[in-house]
Ligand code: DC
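Okay, here we've got a single chain as structure tokens, the form predicted alone, with questions on binding and movement later.
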Amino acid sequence: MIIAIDGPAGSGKSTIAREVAKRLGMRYLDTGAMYRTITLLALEAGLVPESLPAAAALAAATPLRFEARSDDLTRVFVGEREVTDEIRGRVVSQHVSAVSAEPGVRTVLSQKQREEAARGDVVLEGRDIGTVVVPGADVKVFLTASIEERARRRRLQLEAQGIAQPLDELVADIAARDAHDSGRAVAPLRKAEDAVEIDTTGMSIEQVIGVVSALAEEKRAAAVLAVTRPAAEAPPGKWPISRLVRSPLDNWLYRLAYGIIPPLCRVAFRMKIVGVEHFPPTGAVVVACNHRSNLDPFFLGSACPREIHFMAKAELWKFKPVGWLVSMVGTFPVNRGEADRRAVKRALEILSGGAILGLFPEGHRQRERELGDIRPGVTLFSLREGVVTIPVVLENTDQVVRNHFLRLPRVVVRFGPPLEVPHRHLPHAERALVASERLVEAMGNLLHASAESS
């Protein structure tokens, strides 16, 4: 998959592109840093502004190297020299548009960017990524914001580097860059016809990341569905209404596990199950649950009135006996931190057959926080036509094993009412964001109800 993020200076392209790449398990290419680096070298060589055409040869001969780091900037090297901070200075910012507009420079760097994109699974950001560099990108986004908002963000970025610059100067600089970038003859700044425009003014970084990630997840789902059988073609009765009727997992271990584990858990841990009436007796359901313990699937499966097919971390399959065991009772692996198309395909097959998909959208167990960050991938499934999403929280499952000792706390399972699906007239990216926010709110309310009852 290739994601192209374009937009004017200060619109948040670098931050959003880097974080989306992290969330989706993709690479991130800071194309703006490439142009800034050539601008810095051109300034040092005295090529600006009289000899800009010579900067193309400089770009072709420059050995660029990038290293990711946890803050807002990619580390940039020219050979062994690090230029990360130098390329973000005001002098470079004032001249980068002129150097970037030089046809020879753009030809050289655009080709380098295409070579990186050809490797796949990359997020690129710039001003002409979706229109010139990779017009065939799978997802195209055009970020924008008011000049004042972009200047404020730029000032915060500079302050983090120990550089102070008045806000009015930054506003003037950004306005000048907008005019230059939009008016240049070669690869001007413009929105691709098929790009999704997002005005980030007033939006948090997390909200923007969520919208872009949801667009990518939607594209992945479309690619998977293109090679899978439509739901209407699924043979009747492929999936069970109850966990104890015939199913594709109808084997002795399956029947033994689901005949013994639920009664055992309910008795041993005095399970209290609240809200099970919210569960539809038939049809496709996504069960989204908080995650406190590796035992959570056993308790959730024991409380649910229908069989759940869980998506679980692929690490469980490294020990073959465990992998075989969990596979036999309906669980399938997903490689966290990357685009796992096989897992997405399996999940969509389960929902297409009218069965239940169990997800832990926090991704990792949460011991210190009530609720971790909800990954946007859950909306990939919950927004499908005919799918019901049920939020659920588990209590005290993290107390079962403490300091290597087995304990028998009372486990509580709280099912919430089905989530209201956002209106279909909204753009899909906005629907995905609304659905994610409603899931967070619903799970928060269930946790609050748990605290009040304890």
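The numbering used is simple: start at 1 and walk along the sequence shown. Keep in mind that this is a model prediction, so the values were computed, not measured.
Not on display, but discussed next: the form predicted in complex with the named molecule.
Across the proposed site, Arg306, Thr331 and Ile356 without exception lack any heavy atom within 4.5 Å of the named molecule in the model of the complex. With the partner omitted here, the stretch from 378-386, 120-128, 311-319, 270-278 that lies within 4.5 Å of the named molecule by heavy atoms in the model of the complex is 120-128. This chain is displayed alone, yet in the model of the complex one of Arg220, Arg346, Arg266, Arg154 has a heavy atom within 4.5 Å of the named molecule; that residue is Arg154. Note on the partner interface in the model of the complex: the residue among Lys191, Lys112, Arg292, Arg88 having a heavy atom within 4.5 angstroms of the named molecule is Arg88.
A residue is said to contact a partner when one of its heavy atoms sits within 4.5 Å of a partner heavy atom; Glu149 fails this definition for the named molecule in the model of the complex, lying far away.
Mapping the unseen interface onto this chain, Asp181 counts among the residues with a heavy atom inside 4.5 Å of the named molecule in the model of the complex. The shortest heavy atom separation between Thr397 and the named molecule in the model of the complex exceeds 4.5 Å. The closest heavy atom approach of Pro418 to the named molecule in the model of the complex falls outside 4.5 Å.
Residues Arg88, Val96, Ser97, Ser100, Arg106 of 86-123 are found to place at least one heavy atom within 4.5 Å of the named molecule in the model of the complex.
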